[in-house]
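Let's start with one chain on its own, the form predicted on its own, as structure tokens.
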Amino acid sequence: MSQTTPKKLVVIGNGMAPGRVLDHLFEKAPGAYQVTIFNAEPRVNYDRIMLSPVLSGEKAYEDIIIHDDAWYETHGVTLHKGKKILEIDRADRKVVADDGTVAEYDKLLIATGSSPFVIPVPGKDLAGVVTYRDLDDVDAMLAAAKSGGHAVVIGGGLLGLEAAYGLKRQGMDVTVLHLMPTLMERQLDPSAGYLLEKALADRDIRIITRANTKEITGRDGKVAGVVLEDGTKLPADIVVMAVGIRPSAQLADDAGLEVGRGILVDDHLRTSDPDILAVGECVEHRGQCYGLVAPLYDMAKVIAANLAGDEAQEYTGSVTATKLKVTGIDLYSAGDFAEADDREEIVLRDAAGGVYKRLVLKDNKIIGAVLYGDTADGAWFFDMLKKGTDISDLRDTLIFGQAYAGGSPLDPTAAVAALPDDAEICGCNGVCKGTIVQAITEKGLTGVDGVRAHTKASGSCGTCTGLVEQLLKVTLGDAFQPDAVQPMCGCTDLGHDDVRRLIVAQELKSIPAVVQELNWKTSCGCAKCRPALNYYLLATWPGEYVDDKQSRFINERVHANIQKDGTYSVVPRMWGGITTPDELRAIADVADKFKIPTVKVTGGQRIDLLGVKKEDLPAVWADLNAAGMVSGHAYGKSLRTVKTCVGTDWCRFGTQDSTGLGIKLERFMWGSWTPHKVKLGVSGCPRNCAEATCKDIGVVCVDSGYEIHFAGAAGMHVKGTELLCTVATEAEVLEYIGALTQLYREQGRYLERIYKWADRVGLDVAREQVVENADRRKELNARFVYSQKFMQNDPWAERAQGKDAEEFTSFRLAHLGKVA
């Protein structure tokens, strides 16, 4: 081919993808093309993915150049630096640059890459607001960093975190704002995202998730700060937008080429004009647009082969892997790691070492991998993923990596037996194996609790509990009887009480933190443990923990009760059972408007709208809300209703204002999440018309004041209440019941009713802490009152305003998402 007249190949763009095309082309068909390149940037081809090390100061621009000026000269390539193509004239087969330069072509290669997305918030055009795309952006960030100050990076994806790390290395005080709950949520599952956030926090990079930017503020035309939707204000001397990219396809679109999200190409990377090809981030192939380098290099091989005359090669798409380029953070993600019913997973956690590995399997093949802390086997897993290798024979040792592939499964008991006496078992309390064994034998210990009491081993973070059990087993043999602790679920060996204790002891404040630090056996928990963890975290850290609605059961997610025919029932709250003609009219109007077939008065003195269609729920909520009514939480593990009688207002026998007290209690307690549902009743006299003595908490008004009862039930089990105490005033009723409810919230196991909790801990425990110990009572009540500051938000109103539109999506499906 080199002896024929060279064809004219014009390339628009001088990034990594076209550079790799030319490398292959010059190797396959030297001299076949006379190449002209137009580069909008005023420089040669460089390694764009190494911009982060340049920003952090670990490399210089010269270190990341791929093709220097000599390379272009050697291959006879005409490079137009700093010239942007404005027009493709397909009729005359030529391109026109912004300075008027014209170049004719036989073949045209479009490689315009992508453009960074800029959030359309006020202040986005201020000086000091930059994107992170090319060397000019890096230079702008380095210039800003010279003066120090505050940097705000919007976007907790790959580029945003690398920018944050680089700016931190340059001496700036850095805050990362991320809209989603987890960093890099497209590449990482929540557990790995948690470890990443922790590692960045250790580097003094502040991370704010669920952060919705409202405005960028300025002073004298320059950026001065960032304001979030929740009112948080952050100072900023520079703001980096790293929230995503879009294919740069406008030029192709203007030329009449077919464009979707990117320039549409076939498996030969040809556009709708066969003489025009496209490569890189500007391309859409089989519905996919890629932002990582590996797919671009795969495309480059095919284009070079086609330009060289070999049309047998085709591009069929790429499976991608991601690695974060932050020194000291080892992170690897590849493939699809979302959950689904037809998939299995293998999880390895080392909480102390900060290691997390998760393999997602389907039909005995790896389809996804997330590695954090130890990524040495990433390439090995990725190779099997791409090849679709059957891992059946490796399954038992697969997660330990290539070095253990095919080896014998590890025997944890034998491993502990082989440890020397001075091997440290409990790092928190510095307890070694010899100390524990000596305590077991000399003191006749038979369980973990005994070892904990005498040596403190496993008494702090608790992650060595398994090792202590193994030591008991090794020392006592068959005489060892493991403590009869019922695990929360198959995801963990820990029971509810241990999990609650460790959440407090280790200050764990998110579900990913719990599952990682407490060595969960699964990646994200299950439908049994996630609702429990969500409750424990919400009850332990009010005002800090953000409720994970996807970890709630269907009734709590949709703010309604699902019925046997798939429709829903809705119960508006009526404070103390009192309603008004306006409220009744609103309920009647809603029933007519949405053709709700059944309207029923409940046993709790509320009105139930039965048979609401799923698609009508948001509109029903909105209409009831507009009439001043809020959710009755009839669906929740929370306060349901406070049933009342008419008391002294109307009854001849009433001794107190039971209706008024019921209203006060309901307004005091509504919205509070509890281990199980909580129903109250207030009866105006011992005749007990409100059935207060079979409620979770009941009040019976008497001449001398108020009897407070608790631990009753009238559901699957029928049980009369126990008397807690008698008090003289309504204010005392509120304080005692607030304290009692908080004690139940702090000690109750998820899905444990009050009467079962009272049976388990003993009725006297409640009486001692709520009645006999005034200081303890006031502390409990204060914590309940504080918690209520964050709980009394009506979910109907929030949803009617557009929040949580994903309520019909379960937590298993909420994490679905492909790695791009």
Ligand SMILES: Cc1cc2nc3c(=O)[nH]c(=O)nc-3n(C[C@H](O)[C@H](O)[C@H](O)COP(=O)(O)OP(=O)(O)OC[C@H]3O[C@@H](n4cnc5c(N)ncnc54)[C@H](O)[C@@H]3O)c2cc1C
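Counting begins at 1, following the sequence as shown. Model, not experiment: these values are computed from the prediction.
The protein also exists as the form predicted in complex with this ligand; that form is not presented, and the subsequent description refers to it.
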| query | Is L51 a contact residue for this ligand in the model of the complex, using a 4.5 Å heavy atom cut-off? | reply | yes
| Does the 4.5 Å heavy atom contact test between I65 and this ligand in the model of the complex come out positive? | no
| said: in the model of the complex, is there a heavy atom of this ligand that lies within 4.5 Å of any heavy atom of A236, even though the partner is absent here? | reply: no
| Counting only non-hydrogen atoms and a 4.5 angstroms cut-off, does G681 reach this ligand in the model of the complex? | no
| said: Counting any non-hydrogen atom inside 4.5 Å, which residue from K637, H454, R133, K107 sits next to this ligand in the model of the complex? | reply: R133
| request: Only one of A369, L158, C491, A560 comes within 4.5 Å of this ligand in the model of the complex by heavy atoms, so just point that one out. | output: L158
| query | Pick from 328 to 336, 491 to 499, 289 to 297, 584 to 592: which stretch has a heavy atom within 4.5 Å of this ligand in the model of the complex? | reply | 289 to 297
| query | Does anything in 488 to 523 come within 4.5 Å of this ligand in the model of the complex by heavy atoms, and if so which residues, in order? | reply | none
